[in-house]
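The form predicted alone is given below as one chain in structure tokens.
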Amino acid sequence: MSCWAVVVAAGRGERAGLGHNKVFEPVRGRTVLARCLDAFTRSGRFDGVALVLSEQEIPAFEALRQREGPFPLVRRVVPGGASRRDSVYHGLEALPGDTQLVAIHDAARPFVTNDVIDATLDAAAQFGSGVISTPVTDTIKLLLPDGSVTTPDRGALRAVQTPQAFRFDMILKAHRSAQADAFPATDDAMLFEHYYGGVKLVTAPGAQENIKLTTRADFEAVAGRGFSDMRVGHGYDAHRLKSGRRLVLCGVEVPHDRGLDGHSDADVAVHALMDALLGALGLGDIGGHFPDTDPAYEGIDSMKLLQKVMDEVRAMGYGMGNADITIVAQKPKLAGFIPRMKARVAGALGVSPDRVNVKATTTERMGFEGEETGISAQAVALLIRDALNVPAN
């Protein structure tokens, strides 16, 4: 069954007081939008995502794709409209005609879980709609037109969230009708109710944690929450120096009379980092994942392999805490290249450069590094599974 998501990120987020669209704000080193897209990728339920942004922010997303992406599930980037309803409509119109189910989600809810996504999609497949909801815990007062107040039964009330999933043909037809009628709607469930008479409300584990980041206080609260799981890994690698090879370290080519010998580009620093990441999650080492007997990896850019390892990290529900890399080489001197190395590694890891440290040292001419017959590297990586993130599989 063809299933797409429309992720709406075109709002200005003025209540957050950040001076920019809140979806581009980092939360523990990874932006809100990247976390949201990670969740949809991790679910494994979607053929693609139509991401709706204000037109002037599309370049900012392309830059984000380079830093924290590549977000392969995002197959459409769509300019938003004057209202949320218009933005969703633009996203729906951009989907393939053979789409059967669609989930509409606010990018400002980056902690959506697999259970929540599954519940809404499964209900939509069966009933035509599936809207995630939670019981209301506060007492609600209803202000009547004459100014009097009444108290509805709290047990009959539900707070609705996104994702809201629907049969694609039904919600697209409803949106087209709303455009023609100028019908105002605060969410897609309200619009669906108006044209079809009701929606299927569903609950799922994780709905309480599916919070919407709206105000600065929301961001501060999320930043202050504890971690449910931390993992530390250590990696080490060494390669011989050989004439006729390029010297590549942390994805940066360094001028030298020799380069490192290996099946790939022999980026010893990135190899050590990959081993640290795999070790933190008990996933073995790079030899088991990218064997040097496989022609597919001959001469490959190790930064591409690092991105593949990070895909595995995210699939297990973890994010990057920080990484520390030490390169051991007598020559060449590397100090002038370290800022570029940090930026390259941070981009592959999907974090800001301040979460990556790269340093170089010599062995005072001792050992193979000191004799200039090889270069080695060591790396330590901290991985974090957020308390608000999905459990590992």
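What you see is a predicted model, and the numbers here were worked out from it, not measured in a lab. Numbers follow the displayed sequence, beginning with 1.
Keep in mind that the form predicted in complex with a small molecule is missing from the display, and what follows is about it.
>> Given the stretches 304-312, 202-210, 245-253, 84-92, which is the single one in contact with the small molecule in the model of the complex, using a heavy atom cutoff of 4.5 Å?
In response: This holds for exactly one stretch, 84-92.
>> Glu371 versus the small molecule, in the model of the complex: is there a non-hydrogen atom within 4.5 Å?
In response: Output for Glu371 is no: heavy atoms all beyond 4.5 Å of the small molecule.
> Is Ala379 close to the small molecule in the model of the complex, meaning a heavy atom pair under 4.5 Å apart or at it?
Replying inline: Although the small molecule is absent here, Ala379 would stay clear of it in the model of the complex, with no heavy atoms inside 4.5 Å.
> Does Leu277 make contact with the small molecule in the model of the complex, using a 4.5 Å heavy atom cut-off?
Replying inline: No.
> Using heavy atoms and a 4.5 Å limit, would one call Ala108 a contact residue for the small molecule in the model of the complex?
Replying inline: Flag for Ala108 set to yes.
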